[in-house]
Structures are given as C-alpha cells and as structure tokens.
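Take a look at this single chain, the form predicted on its own, given in structure tokens.
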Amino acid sequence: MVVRVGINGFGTIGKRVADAVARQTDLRLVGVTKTRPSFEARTARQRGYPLYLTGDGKAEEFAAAGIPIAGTLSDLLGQVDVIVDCAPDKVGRENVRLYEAANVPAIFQGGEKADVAEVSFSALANYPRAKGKRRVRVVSCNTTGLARAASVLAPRYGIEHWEATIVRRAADPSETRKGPINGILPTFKLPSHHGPDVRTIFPDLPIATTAVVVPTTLMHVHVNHVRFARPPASTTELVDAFRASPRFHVFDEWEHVEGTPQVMEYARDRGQPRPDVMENVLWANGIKVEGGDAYFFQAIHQESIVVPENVDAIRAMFGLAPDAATSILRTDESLGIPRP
C-alpha cells in the first residue's frame, strides 16, 4: 500500500515534511500548497512538487511570476489519502471544515490546540494511539522534545516530579520581523503551556514548565530537573539510556560542543540537504544524577524536530508499519538520522 499525501503549506515545516515524504517508499507526495509566489514556491516546482493554491491565493500572481500551478487546495484534496496541515498557527483549525467536507484525514501541527484532533502524537511515546484516527496532531517542537525524553525516563525510572525551564529562540532564521533584539523576555503565563501539552501524551506525568524568550534563532534549550521513583545507579547509566534511544544525540565532552552554535555547525558538516537536527541533542557533561534526582540540558532544533514525527504519524494512521520501532527505523534511515 502506498499512501497519497498532500502538504497544505510549504513554509518552514511544510517544505521539510514534503521532502521527507518524498523520500519514503510507502508514501507518495501528490502536491503542496502556497498562498502567494515566493522563492519557496519556485523551489517546490524545481523539485517537481505540483503546486496548488490555498487560502486567498490568486492564480494571476503565480502566472506573473512564471510559476505554474496545478489547481487549488480543493483539487489537491480530491487526489490524496491524507493531508498534512502545515499552515501558520491557528489557521489549521480553520481548515478542518475543508478537510471534513472532502472526507480526507488530516495531520495538524503543534501550533493548534490539542482538541483540533483525536490524538496528540509523538512516535516514541504513543504510536499505536494514532492507528485508524482521522485527525492527528503532531505536538510542537518543545513538546516533542519533552515527550521523547519522557519516553526514555518514565518507563525505566518512574517520575515523581519534573521541572523544565524552556529557553526559547525568539524566531526562526527567516522571520525577520519577530523576536527581541536585545533582551530576555519572561513568559508570564506560569506555569507555561508546555507541561499541559506534554500531558496530552502522558496524562499522569508530573511535569511543570516555565519559559523565557532569548534573542537567537538557532535552537531551544531545556533545563531539566527530574526526581525519580527508581533512580539510575549512576550518571553513566542515564547517559547510556539516552544514547540507546533513537532520535537522541549525546555529545561527549571531548567534542567541544559548547552550545547551540556548535550543534548547528555539526549539522552543517553532516552534509544533509539542510543543516537540520531532528534528534534531541544532549551533552554527556550536561547530564548529572545526584541521589534520586537528575539534571540535564537538551537542545531542540525548532525547524526540523517534528519532521520525522509527521512521517511516522501517517504510517500509524494507515497501519503501514507493525509498530513504532519499525516505522522509526524506516523514517530515520530515509532521512539520514543516525541510529544508536
């Protein structure tokens, strides 16, 4: 079985999901959408992705730019088995009625509230729950990072309490109109929304989160303090637990990765089409077990971490893989994500 996939929105996440879908043997990318002509619309055509109008897009604007279009979102919906909504935050909810009218299952991103879908999804945490669902929400970049970490920690050690402070990037690299220029901005919703969002996947997880916004575009960083019910015997044991899990990368101290700039330089050196880091990034010397408590930093690349989750969500919905491990292996191999 090959599932036909459309991507509604070819921006930061959408273009990455489109490229990922195009690499799968059990998925077929039917087309992508844009509202107006741009370099990304041109890129879609150069890659052979049929381009469709969405929103209030005007065909004459694309014609004037010399970019051919294949039709409208409605036409695309008539050709696919599932649509991946990568529209800007809150627009996905407005699109629900379009997908339902076309009788097309949909995947939404973490910028939408959890009730837009039947289930919030993270492949390591709850892959089976998406089977047969018609609306699935891949949780946000920060929630994905926390949910992956919970998938490693909770089954092994039991979690009594978890406090995480999220040091958030101000904007994506291309978002020149956003973000503080010279400042650190506390998020005054206390606790932040990230903890409740993690509980859409782990309902009983005792996690509390706070957040600050800083003037960088590179990555987010999580500062974690976890109290265990059955603590690991040593820091080395915990480091090894993270290393053994797919979608985690742990830098050793001798690699001299001091922070997110070196992480992104590492990503560039890997030679993939984009300098993306789809794994949770940790530092061996940034993990510490002390009695029943553990402390660790992790870095999250906001532009790409949810990309493999979208691929796995499609497989889970349509039963294309027998279990999470099989799907994750296929996805990671196709995207060049190193295996543990």
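All values reported here derive from a predicted model rather than from experimental measurement. All residue numbers refer to positions in the sequence shown, first residue = 1.
This next part talks about the form predicted in complex with a small molecule, which is not shown.
- Contact annotation: the small molecule lies within 4.5 Å of heavy atoms from the stretch 29 to 37 in the predicted complex, the single such stretch among 287 to 295, 29 to 37, 60 to 68, 270 to 278.
- Mapping the unseen interface onto this chain, Thr12 counts among the residues with a heavy atom inside 4.5 Å of the small molecule in the predicted complex.
- The closest non-hydrogen atom of Thr209 lies beyond 4.5 Å of the small molecule in the predicted complex.
- The small molecule in the predicted complex comes within 4.5 Å of no heavy atom belonging to His194.
- In the predicted complex, the small molecule lies within 4.5 Å of some heavy atom of Asp89.
- Only one of Cys141, Ala150, Ala117, Ile83 comes within 4.5 Å of the small molecule in the predicted complex through a heavy atom, and that residue is Cys141.
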